[in-house]
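A single chain, nothing else alongside it, follows as structure tokens in the form predicted alone.
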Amino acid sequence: MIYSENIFICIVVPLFLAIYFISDNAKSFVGSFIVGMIICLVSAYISGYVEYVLAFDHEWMAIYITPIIEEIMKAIPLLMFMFIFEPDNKTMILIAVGLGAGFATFENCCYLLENGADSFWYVIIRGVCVGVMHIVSMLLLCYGMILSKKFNAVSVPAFAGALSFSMIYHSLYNLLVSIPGASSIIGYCVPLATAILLYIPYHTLRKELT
């Protein structure tokens, strides 16, 4: 048994103190990173409660329910930031990446402490696959919101569509890796491949995202 709250405190305290000594963009990233960790902890509470109360199978929960809970929880701070501060698109992407990275880092730390880090391949899978997946799902949501702003179509249906896309992506990853063999290998490759595909248009069209 691990105590996630204690791990959270150990990681967050130095990051919180660092905010006072770094520049504005770095503050935005570190702040969103911390929020991402908070969201991860709260999401774990909610998922655990739902699984216990409804007596769902753990694997079924991971494929169908947990992605919905986690993506909604990650979307809330990004949506609030967009409407309260009305940031430019570059800042939106920075916040989205920070939220995803914070969520993934805290989740990986808890998993590795609970299951051990003696297996090199397990560590690689957690870092390169699961970690990247959370960042990519946030970028998919963020790009959807940016496109809706670009075409003056910011609305509940537009946001719901972007959020649904990130949920499906997350759920599809969990489904693929839950099946041993070729399916798992494909699932492990999906996040990194998607990250590369997302980076290419961002790098090429970065002037349009300012």
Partner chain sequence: MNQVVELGFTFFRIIVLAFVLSVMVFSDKLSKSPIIVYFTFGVATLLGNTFYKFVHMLLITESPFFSAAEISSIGGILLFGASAHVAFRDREISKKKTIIICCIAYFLFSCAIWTLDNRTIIKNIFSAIALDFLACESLFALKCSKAFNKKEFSLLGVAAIGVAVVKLLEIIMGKMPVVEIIIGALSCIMTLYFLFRLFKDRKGKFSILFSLANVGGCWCMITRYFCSGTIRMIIDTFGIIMIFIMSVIQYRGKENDLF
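Numbering follows the first chain given and starts at 1. Note that the structure is a prediction, hence the values are computed from the model and not measured.
Keep in mind that the form predicted in complex with its partner chain is missing from the display, and what follows is about it.
task = Please run the contact check for residue 29 against its partner chain in the predicted bound form: heavy atoms, 4.5 angstroms, yes or no?
result = No - in the predicted bound form, heavy atoms of residue 29 and its partner chain never come within 4.5 Å of each other.
4.5 Å heavy atom contact, residue 161 to its partner chain in the predicted bound form = Residue 161 belongs to the contact set for its partner chain.
message = With a cut-off of 4.5 Å between heavy atoms, is residue 48 one of the residues that contacts its partner chain in the predicted bound form?
response = Because no heavy atom of residue 48 falls inside 4.5 Å of its partner chain in the predicted bound form, the answer is no.
ask   = Looking in the predicted bound form, any heavy atom of residue 171 within 4.5 Å of its partner chain?
value = Judged by the heavy-atom cut-off of 4.5 Å, residue 171 is in contact with its partner chain in the predicted bound form.
request  = Would you confirm whether the three residues 25, 87 and 91 all fall within 4.5 Å of its partner chain in the predicted bound form, going by non-hydrogen atoms?
outcome  = Not a single residue of the candidate spot has a heavy atom within 4.5 Å of its partner chain in the predicted bound form.
ask   = In sequence order, which positions of 170-188 have a non-hydrogen atom within 4.5 Å of its partner chain in the predicted bound form?
value = Stretch hits, in order: 171, 172, 175, 176, 179, 183.
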